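Here we start with a single chain on its own, the form predicted on its own, put down as structure tokens.
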Amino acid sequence: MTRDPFALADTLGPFQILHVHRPALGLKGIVVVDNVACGPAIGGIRMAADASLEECFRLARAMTFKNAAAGLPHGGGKAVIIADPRMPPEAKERHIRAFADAIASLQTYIPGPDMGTDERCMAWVKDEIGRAVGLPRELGGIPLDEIGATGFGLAAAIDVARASIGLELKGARVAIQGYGAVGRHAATFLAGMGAVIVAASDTSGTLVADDGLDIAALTALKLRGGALVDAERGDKRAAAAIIDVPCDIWIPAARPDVIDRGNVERLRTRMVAQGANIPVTPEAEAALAARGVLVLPDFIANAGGVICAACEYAGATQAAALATIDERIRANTRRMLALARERAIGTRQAAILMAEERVRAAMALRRWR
């Protein structure tokens, strides 16, 4: 059930909520612009059949914190199209273009790709309304999914955080829930740094190999449109079995709330590095902290994609974007961990303090806040 939108409001936002309904197309969607004190909101368009207003708001707030923590001149927003992203390509293009047309006047929001959408979708959006990030190279964009901007930043955050728990990355065992654009790139970058990817999952199932999965083969398989359970080697299990694989680093890189109070005790890991947005409920994060598991919050660890998008929007090159991702995510991870130690608080509390401080300082400088 969708909650009353006013029940979601607080002193930070949301700034605007727009509902889109085009009955002739069967199109339903929502945009939440959470906060624009630091600048126009950047946030992805997510396409999912079970998306909701509450999820859209929570994702938009995560973007407010993510953009603020990264020091970007942008606020946070998010859009959801309530539809199956696997619909026929022609129908998907109609949905994306119609949604873009419906939000044309929403100048406070700059769309980008998210789960269920990609660079091609952003090209359609740009064609309709003249603004989007995460564009194809042919349109002058930095294709963040193609280069793995989010996975690149996630690997950088893990590399910084590992020292705080005495973990060597070389030989560290990694399990990845969600082998899509974020998960597969994170796997590639971490494997290149010496980590061993012992398990990965997608909607088809979980693949496990104690001596390490063949990342190049799995990535090629996924790019051909295949499923992990189609792989030639590896122990094949149910999709939910990824939670039970013992590892040093567990990466949720798919949907929100995949770890909750009902399954958190099944996780056997030393670190949870959040590649997806809001993948762990607050109760589950508290349970992990009580067990001494280090949690790298989403808006610190997976900010690589939006940093890349902001660099593209500002006209930067791909090389400059990657350098900025590496610099800012490493610095933010160090600062978050130091603040958590100094104040004896959780990592998410420390991250929120960092982000909210900047947002409120920006709000104090704005006429309408």
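In case it trips you up, residue 1 is the first one in the sequence shown, and so on. As the structure is a prediction and not an experimental result, all values here were calculated from the model.
Note that the form predicted in complex with a small molecule isn't included here; everything after this is about it.
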(request) Find out whether any non-hydrogen atom of residue 222 is located within 4.5 angstroms of the small molecule in the predicted bound form, and reply yes or no. (result) yes
(request) Give a yes or no for residue 276: in the predicted bound form, does one of its heavy atoms lie within 4.5 Å of a heavy atom belonging to the small molecule? (result) yes
(message) Taking any heavy atom pair closer than or equal to 4.5 Å as contact, tell me whether residue 143 reaches the small molecule in the predicted bound form.
(response) no
(request) Could you confirm whether residue 203 comes within 4.5 Å of the small molecule in the predicted bound form, counting heavy atoms only? (result) yes
(request) Run the contact test on 71, 334 and 355 with a 4.5 Å heavy atom cut-off to the small molecule in the predicted bound form and return yes or no. (result) no
(request) With the small molecule left out of view, choose which of 109, 250, 179, 99 has a non-hydrogen atom within 4.5 angstroms of it in the predicted bound form. (result) 179
(request) May I ask you to choose, among 280, 156, 254, 175, the residue with a heavy atom within 4.5 Å of the small molecule in the predicted bound form? (result) 254
(request) Work out which of the listed stretches, 112-120, 162-170, 259-267, 90-98, brings a heavy atom within 4.5 angstroms of the small molecule in the predicted bound form. (result) 112-120
